[in-house]
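The chain below stands alone, shown as structure tokens; this is the form predicted alone.
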Amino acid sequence: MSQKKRQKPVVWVEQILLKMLPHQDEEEPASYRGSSGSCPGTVRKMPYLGSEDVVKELKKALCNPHIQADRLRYRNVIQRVIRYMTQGLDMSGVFMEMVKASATVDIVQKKLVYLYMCTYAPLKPDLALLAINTLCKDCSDPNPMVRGLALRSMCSLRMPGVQEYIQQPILNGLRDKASYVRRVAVLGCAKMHNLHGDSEVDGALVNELYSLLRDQDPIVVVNCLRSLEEILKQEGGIVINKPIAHHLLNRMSKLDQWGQAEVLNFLLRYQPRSEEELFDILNLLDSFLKSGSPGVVMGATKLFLILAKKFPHVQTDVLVRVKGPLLAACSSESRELCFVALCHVRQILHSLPGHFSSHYKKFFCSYSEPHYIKLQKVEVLCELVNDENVQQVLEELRGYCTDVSADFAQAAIFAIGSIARTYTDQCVQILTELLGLRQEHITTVVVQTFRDLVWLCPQCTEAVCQALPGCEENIQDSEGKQALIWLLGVHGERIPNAPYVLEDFVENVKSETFPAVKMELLTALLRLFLSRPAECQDMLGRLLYYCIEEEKDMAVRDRGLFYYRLLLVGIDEVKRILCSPKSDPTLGLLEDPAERPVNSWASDFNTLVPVYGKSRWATISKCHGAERCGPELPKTSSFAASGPLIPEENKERVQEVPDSGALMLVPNLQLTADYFEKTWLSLKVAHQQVLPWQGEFHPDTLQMALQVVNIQTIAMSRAGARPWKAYLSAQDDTGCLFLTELLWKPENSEMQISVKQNETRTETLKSFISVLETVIGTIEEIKS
């Protein structure tokens, strides 16, 4: 179980904007070898400056008749063009030559050329018409692979006026004899609809797609479902009626696992008309609960739970049957699959406590497992404890408490504390033994656990008070100090050295950096003064004097003044206010909620809600919705109008940002990495400031927010990098360019912002900084 801490996985697409090395068996061009200079702090070197020599060399090679006569040499030159294109070089200069290279019978060469065309067609719309003519011709080729490839490439062109060229090839493709062409044509319908934007839905096309749901090729059927869902998105998506539902159910066995999972998701929209039809459908789905694909099993399970919402015994029976596949997924070599399965196990345990108790050993942690999986398994173990396995589970958790990862060790201690609410004596004994190790991170968490235990389980107060003396020497962090001070204040009459331990805190109060510790010390010392006045009177006076006369934190000063004035009123009044109950076992009911019905979470099953939690997933979904709406914004949009990313509670604050509405940032700014690098090195910093940032950092959320306000990410460090850097660019409607560097230093809990400007405009710069501050501040609130 000795394993370094690993980061929890996150849904993350790395920016492919950083420099890549050339192929090993190919000599680098002179301009490639002689390039230098990069943005400071990026993980890898950014694309080199100047690619004119490379483009000239490749253009010459593509025009060379000797190379054209040799098929392999010609293909290798085209591969070099594609490789440099993916590395960030502007290869649009060879567009005409690449279009000519598409006139070949070589399928591989055609694929490479079509990839190039789709990439640069928006930048060369006039020349792209030549490419369209070539593609239209290939759509009539006798080879179905060529027809399908040409049709797919035509549908991938993102340029104005392309719709009129692709409509007829798509309609022809829908009736093509080759299934591969029909697959491509069906997906092309959705792409064509997206190119039309908000235009009306073509009813004839929708009917054609509905008829293709009965196509002999199963992949065509699944593609039809996806296309209809996209085309009819504004109308609520595809309608699943009884004939379609029964047809899909009968075709399920012929689909691959991806198609089955997709169809199961669409079948959630159909509600059977009678109980007889319901059980007929469940009988058809029964075999998919035994599928070898976890996705199919989870999809079938969710469909069972939704359809059988009026039959709790059927739901319970289904959850029992999927126990085996879930346990297998929890032991999978795929860490992502294992983590998601564990999250769903925890969800099931909310309704069926002890459902996996007989298999508790399956949730023991292995030393090679990443940190986030270990934490989930510990949480599951806490919910599986019963009279039969409590000793084995506690021994396993006890071993985790000395893990080399401090976070995992502390999580195991908290787990023991959670179990202690039911099995108090065994857990308190283990926690007391852990105090003997005198490790700071262990002692801190044990004391916090003791604080919660004496409140919820007053019967263990005596044992806790006997274990506390001496542990103050190994506590340094704020949470541990507050827990210890609270225990000494509330139960100090049972701890012989309680006043002397508090006296040490009073002596060092000037060097204490956490106001919460000082306020806890004030309350604890005043409580202890009521039971042991002779030992506490002098130090209480010194502490009150310091807090009132010297303390700079207003909260601590106000607390000190309040207690001073309360003492002036009289001891009886102090006792009436401060001597509250020392424990409340009834709060244990709040910690252990009643079993939740399956229907309360059935709709969230097989989604990301069990992974993120309901509230956080709602925020993420809102951000994704804003991202999808991004391309539909007008050509210039103000920050004030780009609000879908911002939660409702933060909209007022965003709208109150001074002058941010006057800044018009241009969407879809095309700025290459090498141009950014060259410009960045030539400009001076126009503005620099530091913003606070507490806790973990999620680059994908920040990047998503920046996209919504039309700020482009040029380069970004990997998630988890220390320190973390990002380079951003934006341009307003007057042509003023903003280049930004974000530098996050976790040790300082701050985000440093450096902005460079190609034109000196003070007011515009202030507006841009205001936009950037608001985005970062909003993401900080979402995170917390």
Partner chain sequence: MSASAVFILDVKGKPLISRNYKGDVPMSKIEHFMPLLVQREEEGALTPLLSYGEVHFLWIKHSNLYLVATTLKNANASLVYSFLYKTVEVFCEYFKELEEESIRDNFVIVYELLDELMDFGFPQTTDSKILQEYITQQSNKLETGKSRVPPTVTNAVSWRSEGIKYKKNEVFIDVIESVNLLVNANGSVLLSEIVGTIKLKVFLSGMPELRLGLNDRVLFELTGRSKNKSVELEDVKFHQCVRLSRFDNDRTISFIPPDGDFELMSYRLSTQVKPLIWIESVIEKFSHSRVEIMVKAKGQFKKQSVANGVEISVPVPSDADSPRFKTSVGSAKYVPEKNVVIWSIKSFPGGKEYLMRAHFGLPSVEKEEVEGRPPIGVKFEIPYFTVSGIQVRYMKIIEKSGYQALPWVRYITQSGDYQLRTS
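Numbering follows the first chain given and starts at 1. In this text, the rigid core denotes the largest set of C-alpha atoms whose superposition between the two forms falls within 1.5 Å. What you see is a predicted model; the values in this text were computed from it and never measured.
Only in words, not in the display: the form predicted together with its partner chain, which the text now covers.
Its partner chain is not shown here, and in the predicted bound form it never comes within 4.5 Å of any heavy atom of Pro499.
Looking at Glu396, you'd find a heavy atom of it within 4.5 angstroms of its partner chain in the predicted bound form. Taking non-hydrogen atoms only, Ser331 approaches its partner chain to within 4.5 angstroms in the predicted bound form. Among heavy atoms of Tyr372, some come within 4.5 Å of its partner chain in the predicted bound form. Val404 is the sole member of Val404, Leu671, Val390, Leu278 with a non-hydrogen atom lying within 4.5 angstroms of its partner chain in the predicted bound form. Checked against its partner chain in the predicted bound form, the residues Ile132, Val340, Val380, Ala705 give one hit for a heavy atom within 4.5 Å, which is Val340.
Per the 4.5 Å heavy atom criterion, its partner chain in the predicted bound form is contacted by stretch 363-371, the sole one of 473-481, 363-371, 348-356, 663-671.
Contacts of stretch 101-117 with its partner chain in the predicted bound form, defined by any heavy atom lying within 4.5 Å, are made by Val105, Asp106, Ile107, Val108, Lys111, Leu112, Leu115, listed in sequence order. Shown in the overlay between the shown form and the other one, fitted on the rigid core, is a CA shift at Arg616 of 2 Å or greater.
Once you line up the core between the shown form and the other one, the Cα of Leu228 stays within less than 2 Å of where it was.
Superposed on the core, the two forms barely differ at Val556: its CA moves less than 2 Å between the shown form and the other one.
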